[in-house]
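Take a look at this single chain in structure tokens; it is the form predicted on its own.
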Amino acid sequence: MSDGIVYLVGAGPGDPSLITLRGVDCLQRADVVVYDYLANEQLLSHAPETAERIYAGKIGGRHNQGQDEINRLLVTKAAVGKVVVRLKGGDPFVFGRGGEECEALREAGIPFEVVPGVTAAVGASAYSGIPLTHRGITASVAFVTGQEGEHKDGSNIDWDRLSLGGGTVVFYMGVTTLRRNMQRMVEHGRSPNTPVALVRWATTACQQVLVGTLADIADRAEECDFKPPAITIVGEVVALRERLQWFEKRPLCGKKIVVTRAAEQAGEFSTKLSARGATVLECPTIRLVEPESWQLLDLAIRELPGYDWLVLTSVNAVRYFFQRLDTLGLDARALAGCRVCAVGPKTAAEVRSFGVKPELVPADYKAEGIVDEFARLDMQGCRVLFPRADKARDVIPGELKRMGAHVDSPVAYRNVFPERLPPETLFALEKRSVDCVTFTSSSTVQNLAAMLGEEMMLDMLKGVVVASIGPITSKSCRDLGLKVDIEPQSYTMDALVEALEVHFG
């Protein structure tokens, strides 16, 4: 008997963070992912790189694959022992034809599981600031297909009860039939002054909301060429949007931003951008790995009592240094006679997390600023340990040596190219749907140019806002032909986030 199984997973309404933990768990174990047009492509990153990805969606009424073909595909893949994830926009059992797929699987003897998702009506309601129910306004809500047949006699909808019930009515997939559906509600007794909202691409950076009434919403939609996919919300609750909308008020709402930091570093920065409304595409152009040999760093660590200063210029340097300290059976006590210079508040905080208080935290985070701080001290004859990245600039050790210090600068970690760039990011760049790309070091921009090719990178970033964390990174951008649009005065991630807010605000 085959061990294959099909998981029908609700992908949610668009925002990739709205998928359930169970849905992510299923994707992480998938051998095959069969996904829809309305399933956010970022969710595919949860699946193993080896997983087969099959697009089975529908755009504007044109099926890439018919439902019968999809059913056969699910059965065929699972029958040979594959773990198959059927990734469906919204919820599989709310206008998702999930029931039909389950029937086909049951008939074929294929085990399946249904993982609920946030359905489009709920997502559109929350992200547009329109409660589907509200005390004193309405206590009921109906979900209705917007794609009924052309003739009333063929309708399965009880238009009298739907129109006269007074509750909120949500039409799915109803943009192309908007005028007819609104007219039917008026014909069956609903006031033509009833508020209506169209919510397009709900919960995503592309979300658009158009408000009107049963009498005029179709005209408004035609005037602005309002396209599917969209949810139509009908009811007095729509008037609450004026007070309750929040999504569009975030400073980076509607902006798609590429983050080029190393995967292990991107999280906090990406989270801050997302919290301000941006859609974040993580595109690591750096992978951090151990040095080819620990020999020089190990030798320096064993001689720590003989050093006067330990200079740590990044969170990465801190982590790799203390990790090696631990590997050699040592801890913070080994630094008892050595003063620590930590460059930047984040680096200083990371040093403190290991129980060490930095003696020097330069206000200027550039190498030149660090040198200026040491120039105020007597460095003649001092021994300095500077654990660094393999491609770090030589400014600090070179200038300290000129001051009379003896400097050892062993490699603590290396920056290498990732094996490939994320396909969802490449797709967004090719579609010209990216608003901004951020570079947080010279390596991030240089590596992106190396991986894409300089000409292709310049072409893909035409019209895209370039944000650089500081002057050294900005110079690297300009050397490659990029125009830098954003550079914060303080060279920190928080300052870069604030600069992005100001620029797009």
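All residue numbers are counted from 1 along the displayed sequence. Remember, it's a predicted structure, so these values are computed and weren't measured experimentally.
Missing here is the form predicted together with a small molecule; even so, the following discussion is about that form.
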Name the residue from Lys346, Arg200, Lys272, Arg241 that puts a heavy atom within 4.5 Å of the small molecule in the predicted bound form.
Arg200
Interface check vs the small molecule in the predicted bound form: of Phe112, Tyr172, Tyr307, Phe354, the one with a heavy atom inside 4.5 Å is Tyr172
Assess the spot marked by Gly90, Gly96 and Pro229: is the small molecule within 4.5 Å of a heavy atom from every one of these residues in the predicted bound form?
yes
Is there a heavy atom of Val85 no more than 4.5 Å from a heavy atom of the small molecule in the predicted bound form?
no
Might Leu38 be said to contact the small molecule in the predicted bound form, defining contact as any heavy atom within 4.5 Å?
yes
Would Ser125 show up as a contact with the small molecule in the predicted bound form if we use heavy atoms at 4.5 Å?
no
Heavy atoms within 4.5 Å of the small molecule in the predicted bound form: does Thr119 have any?
yes
Based on heavy atom distances of 4.5 Å or less, which listed stretch (418 to 426, 363 to 371, 192 to 200, 395 to 403) is in contact with the small molecule in the predicted bound form?
192 to 200
